[in-house]
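Next up: a single chain in structure tokens, the form predicted alone.
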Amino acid sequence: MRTFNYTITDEVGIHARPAGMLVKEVKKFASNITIVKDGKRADAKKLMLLMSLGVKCGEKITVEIEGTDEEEASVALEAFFNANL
């Protein structure tokens, strides 16, 4: 399993548009990808679960990636977060 931490820099956090973009990016990978915030977990492939975390600007999340393409997914998702969130 691969994990990385990220602090959200988008002014409004993970709201509808970036959450939708994240779900689209995550669905490219076979691995299970989970976003964790304050002990709450959400499958990153499910938009409503992701938005239910209520992640705001300045909050820290952990991204957990487990599966056959976890290395590739980790690199791609870190780049995605840096560019979009």
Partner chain sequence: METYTGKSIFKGIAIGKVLFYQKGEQVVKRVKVQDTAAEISRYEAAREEALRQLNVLYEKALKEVGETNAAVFEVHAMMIEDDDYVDSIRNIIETQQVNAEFAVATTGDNFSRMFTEMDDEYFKARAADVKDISERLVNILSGRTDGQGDLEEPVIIVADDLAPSETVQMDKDKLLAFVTRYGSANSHTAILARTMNIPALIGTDISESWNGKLAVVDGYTGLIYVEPDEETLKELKRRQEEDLHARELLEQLKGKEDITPGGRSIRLYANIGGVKDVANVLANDAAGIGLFRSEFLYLEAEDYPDEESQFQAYKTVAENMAGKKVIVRTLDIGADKQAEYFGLDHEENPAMGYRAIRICLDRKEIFRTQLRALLRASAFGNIGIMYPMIISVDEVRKIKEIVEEIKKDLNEKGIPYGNVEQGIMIETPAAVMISDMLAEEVDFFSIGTNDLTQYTLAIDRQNMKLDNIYDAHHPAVLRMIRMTIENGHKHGCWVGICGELGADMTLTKTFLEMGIDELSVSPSFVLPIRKLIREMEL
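Positions refer to the first chain, counted from 1. It should be emphasised that the depicted structure is a prediction, and the values quoted were computed from it without experimental measurement.
Just so it is clear, the following notes concern the form predicted in complex with the partner chain, a form of the same protein that is not shown.
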*Of K28, K46, R41, K60, the one that lies within 4.5 Å of the partner chain in the predicted bound form (heavy atoms)*: K46
*Answer with yes or no whether G20 is in contact with the partner chain in the predicted bound form, where contact means some heavy atom within 4.5 Å.*
yes
_Can you tell me whether A16 touches the partner chain? I mean in the predicted bound form, with a 4.5 angstroms heavy atom cut-off._
yes
*Spell out, yes or no, whether the shortest heavy atom distance between V55 and the partner chain in the predicted bound form is within 4.5 Å.*
yes
_4.5 Å heavy atom contact, V75 and the partner chain in the predicted bound form_ = no
_Three-residue site R2, I8 and V36 fully in contact with the partner chain in the predicted bound form at 4.5 Å by heavy atom_ = no
